[in-house]
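The chain below stands alone and is given as structure tokens, in the form predicted on its own.
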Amino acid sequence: MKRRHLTALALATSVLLAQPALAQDNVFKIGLILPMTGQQATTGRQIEAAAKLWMAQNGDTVAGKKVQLIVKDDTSLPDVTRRLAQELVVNDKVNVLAGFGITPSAMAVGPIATQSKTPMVVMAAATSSITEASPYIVRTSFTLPQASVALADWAPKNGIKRVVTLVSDYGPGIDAERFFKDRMLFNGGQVPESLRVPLRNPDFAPFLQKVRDLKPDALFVFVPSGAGAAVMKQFLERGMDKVGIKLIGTGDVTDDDQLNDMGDGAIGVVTSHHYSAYHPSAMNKKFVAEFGKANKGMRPNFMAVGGYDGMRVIYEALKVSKGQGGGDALLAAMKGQIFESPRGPMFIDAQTRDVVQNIYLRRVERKEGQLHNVEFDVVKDVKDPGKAR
């Protein structure tokens, strides 16, 4: 009798101990590592808001799994990003790592994704070579070569023959400089000077003075999300527009998150990018309205759409793999996805795991009482030119 009682007790104990494990098996965890404070805080704020909007619209249960979003602030410091990724993989046992505001942070986590076979969805960082840092990386943002080449094709046809480049001195800036310059020269243009500004605590003033002295037709700019307003302000303060120097660049310069604060001096600035909050599709109009409603009127920018589409890629992969097969099955289901995004049509190239998308030429205009990046031309289905090298 005593033995039967002990056996029953042991059985009950084992059932109780198994319950949390069973509950754990039904949870699908996404570790979202973002710069929520510091210089790139706007990136983190936009991506987190977009990820939460996706979940609000599509539910938090997929393929019988409860989706849990674990947000961590890496303050854009790669050592912090690496440590957080390790903790998320080892302690939290996340199924997917996502986010990554800047290139050095994404690069720092590549080896962890490879070792742990954890898919890593890059929603922001835009250096061409990022997807080569791990076979488990999938990107839903963009690459700087995609944006830069389109602008270098447009400029010489529109009276802009002589251009000085000004970029932030790190991976994506160097990509932007190189691909813009190479394409400008190929198209018969000139790039008399290429200037690089420190990423941390940048002071654009001395560089802009040098540009003013050189008197080019235009200044081509790449700066990370959040720094565009400072460039615009100092460009106008130095009266560079008054002496006939046009400001052109990748879409980071006229970031939708900051554009209204830049004032009418931004009107007429031409940029090339994959997303504008003013993109005229029905899907985007709904996205912008619901994003604003959920975030006190905030306007989504290109970082938001990278986060939103990143969540879509994760959800779809979970549906297809039915939550079985671990990281490799999820990764396989991410490759080759084709879908309509608020940015327009896009797909994940199955070979490179990189995004293929439309790149739009846009001009800042005042519409409905606000400043917007208004699209006037499109280059369709652009693969990353950096992958061809």
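Note that residue numbering begins at 1 and tracks the sequence as displayed. Bear in mind that the values here come from a model prediction, so they are computed numbers and not experimental data.
Just so it is clear, the following notes concern the form predicted together with ligand DHB, a form of the same protein that is not shown.
Shown without its partner, this chain lists G249, G310, P119, P224 as candidates; in the predicted complex, only P224 has a non-hydrogen atom within 4.5 angstroms of ligand DHB.
This chain lacks the partner; the member of A125, I112, V149, M107 within 4.5 angstroms of ligand DHB in the predicted complex by a non-hydrogen atom is A125. Ligand DHB in the predicted complex comes within 4.5 Å of a heavy atom belonging to Y170. A176 falls outside the set of residues with a heavy atom inside 4.5 Å of ligand DHB in the predicted complex. By the criterion of a heavy atom within 4.5 Å, F142 is counted among the residues contacting ligand DHB in the predicted complex. Among residues of the shown chain, F220 is not one whose heavy atoms approach ligand DHB to within 4.5 Å in the predicted complex. Only one segment in the set 296 to 304, 201 to 209, 229 to 237, 182 to 190 has any non-hydrogen atom within 4.5 angstroms of ligand DHB in the predicted complex, and it is 296 to 304. Taking ligand DHB as it sits in the predicted complex, the stretch 81 to 116 comes within 4.5 angstroms of it through a non-hydrogen atom at G101, I102, T103.
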